[in-house]
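Take a look at this single chain, the form predicted alone, given in structure tokens.
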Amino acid sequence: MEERLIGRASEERVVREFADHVSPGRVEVYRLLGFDRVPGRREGVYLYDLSGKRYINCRSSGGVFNLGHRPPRVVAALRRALEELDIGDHILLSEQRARLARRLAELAPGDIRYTLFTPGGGEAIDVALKLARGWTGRPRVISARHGYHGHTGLALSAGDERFKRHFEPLAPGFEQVPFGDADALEAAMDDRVAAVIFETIPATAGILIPPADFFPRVRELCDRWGAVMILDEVQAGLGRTGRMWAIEEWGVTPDILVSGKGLSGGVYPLSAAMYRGHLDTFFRRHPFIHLSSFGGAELGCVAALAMLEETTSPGFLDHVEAMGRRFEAGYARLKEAHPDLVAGWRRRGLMMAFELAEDRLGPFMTYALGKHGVLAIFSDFRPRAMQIMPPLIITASEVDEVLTAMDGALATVRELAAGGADPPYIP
């Protein structure tokens, strides 16, 4: 009989070994948040710690678990693939990469045609920025304040100061403007701008929804100045907003669209930089300019194709929107019941910010939700905004379970705030 992988050691021992050999700093933070638990069994929208307590995962690792934990269709596809495939040789041609890239071209907005695969979203952002600089021959990149694009080289340079200040000097030529402010972007544009890069809906900034004319103006400004328009949908894409791609709401086609997290199906790391045909003139001149040993691993391609099969099945996106509306109705009831704590919410599909009355309440709410069996986190740059991003397969009864937990958590938050407790410090 094969030995199980989960529960081979006690939770206490796993936490100790994690602190001893992986990251004592993270263990300290988890303890401050009251969530120094070790995930064990996981299935669908639920995960269990090693003591057996159940949680609904409303973090979904930023969208990795769009189809929940261990989605049966994706797991079955990967198991079949293991009978024939391995990761493949990244430098050779690949039937599986060709199949997946063709499917993405069919699903992508506008005339996006080509895809370069990477293991993670940060590297896919690096590819996008390298392509923009290589194709234009220009140095400048404009991104958003409080934006987040990953922790690799160029991706880190495009992100907010908080993420990169400890590693300076970084790549030069990067600057930020406020997200959603097309006038500020226009003032910053010139003929040295290689790329403008934004998250379609910035998560770490608090699930911000831009003005209706923002992305059309970004497109017009990039066209006017000959800059490459890059959209980061690592979190917002693949059905998260009730559309296959969040940018579809604004009817705009970027030059490069970056996807990741959910592309993995939750079982095999895979990300992608998808781009329009005119940009490929650079890669035709330099076809081996970006190599990635594990980029487009053939096992990952099979998993991603199975994920796309489910995400594009009839009624799937309608379900996402219906569950989002159910959450929204529940948020209205929570605001009525807790008017001193709840300020409002923002939502596209199941990409949601639940806004509390002040920043200090976000860490309290993260702590309280954990105690009530829900995993969710506050936003880095707007701590009052709780990110509620459950798996897209969540059912009506599971939505109601989350809303009941949120009601109990708000009561806990009130007690903590009234008692003068200090919110946990999160470095």
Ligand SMILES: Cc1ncc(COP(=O)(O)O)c(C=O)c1O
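From 1 onward, residues are counted along the sequence shown. Not measured: the values here are computed from a predicted model.
Omitted here: the form predicted in complex with the ligand. The next part is about that form.
Proximity to the ligand in the predicted complex, defined as a heavy atom within 4.5 Å, singles out one entry of 121, 237, 254, 265, which is 121. When the ligand is considered in the predicted complex, only one residue from 296, 324, 71, 150 comes within 4.5 Å through any heavy atom, namely 150. You can rule out all but one of 276 to 284, 132 to 140, 171 to 179, 228 to 236: in the predicted complex, only 228 to 236 has residues with a heavy atom within 4.5 Å of the ligand. The shortest heavy atom separation between residue 199 and the ligand in the predicted complex is within 4.5 Å.
Contacts to the ligand in the predicted complex (heavy atom within 4.5 Å) from stretch 245 to 270: 261 only.
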